[in-house]
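Presented below, as structure tokens, is a lone chain in the form predicted alone.
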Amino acid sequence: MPVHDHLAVRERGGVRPQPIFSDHGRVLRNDHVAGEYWHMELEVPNGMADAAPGQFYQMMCESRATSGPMPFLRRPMSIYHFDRQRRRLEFLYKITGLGTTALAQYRCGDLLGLVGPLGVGFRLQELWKHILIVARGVGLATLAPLAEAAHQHGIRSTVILSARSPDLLLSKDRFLKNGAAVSVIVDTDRSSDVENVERLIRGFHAAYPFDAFFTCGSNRLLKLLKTLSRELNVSGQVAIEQQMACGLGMCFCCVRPIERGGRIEQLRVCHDGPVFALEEVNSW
């Protein structure tokens, strides 16, 4: 039976109250896609896939090894895709340590413990016509559902995908499927240099002005968008990736300095984010 955490049912940035579930999902696939990146799809209980772009789940990454260190804490994973009707959740994750190494050991049919959906997601406004999405690395996982939501609301998306090399560019087809105009930039040919990205954004904005900027995955791109946001008077949002313990706001492990109301506040990424206004965040 799903466990509803009634203490966590609250208003999230003006969004309706939402139940949080603690249950198990059944692994439908867990495939290596490129480099250190893997793609997992789960079938989950009723209601558990009722999520929003930018939210995340806490995963219990239990190691299949019989000896050696075992992951103790759950790992936060951004939603890559969710399907409420079919009860499906998808995650694009990068192997970086003990927990994600254990996660890659799961096979079809295995049960995986998870808690969610958690956090404050992205917000779209009805009057918007055109948004810019700038994503790099695992930021692609966080921003892919946003492009889908924008498409469903009739909002045009221009997407800049950044990676170290062409073989690590993920999700291009996913963005194209949702009607986005996609530009690819990589480190190997230096097209990902900030000066070139700025040139691209200014050109896009001159042709069809943006109503909002969205980003995740790169501090240098975050700083560029903050500068352009002020100059062009365009609002924006950023999703922060952060180490967490509980994911519910109780342990204060994920506190970050956030500029809000003219002063610095120490806010919990899991509870007050992970999505914040662009002007509030100085680093990712």
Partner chain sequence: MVNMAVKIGSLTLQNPIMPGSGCCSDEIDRVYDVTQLGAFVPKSIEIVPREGNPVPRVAETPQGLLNSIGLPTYGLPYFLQHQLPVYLRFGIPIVVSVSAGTAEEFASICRQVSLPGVAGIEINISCPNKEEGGRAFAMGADSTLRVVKAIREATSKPIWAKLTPNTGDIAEVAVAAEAGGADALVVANTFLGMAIDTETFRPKLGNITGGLSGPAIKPIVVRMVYQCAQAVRIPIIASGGIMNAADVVEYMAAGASAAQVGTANFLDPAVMPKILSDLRKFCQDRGFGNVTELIGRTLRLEPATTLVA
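Positions refer to the first chain, counted from 1. Computed from a predicted model, the values in this text were never measured in an experiment.
The next section is about a form of this same protein that is not shown, the form predicted in complex with its partner chain.
The candidate site formed by 245, 250 and 266 is fully in contact with its partner chain in the predicted complex, as each residue has a non-hydrogen atom within 4.5 angstroms of it.
With its partner chain omitted here, the record of contacts in the predicted complex names 251-259 of 225-233, 251-259, 27-35, 211-219, defined by a heavy atom within 4.5 Å. Residue contact check for residue 75: one or more of its heavy atoms lie within 4.5 Å of its partner chain in the predicted complex. Although the partner is absent here, residue 60 lies within 4.5 Å of its partner chain in the predicted complex, judged by heavy atoms.
Mapping the unseen interface onto this chain, residue 180 falls outside it, with no heavy atom inside 4.5 Å of its partner chain in the predicted complex. Contact check for residue 20: a non-hydrogen atom falls within 4.5 Å of its partner chain in the predicted complex.
The partner is absent here; in the predicted complex, the one residue of 92, 163, 133, 115 having a heavy atom within 4.5 Å of its partner chain is 115. Contacts between 82-104 and its partner chain, taken as any heavy atom within 4.5 Å in the predicted complex, involve no residue at all.
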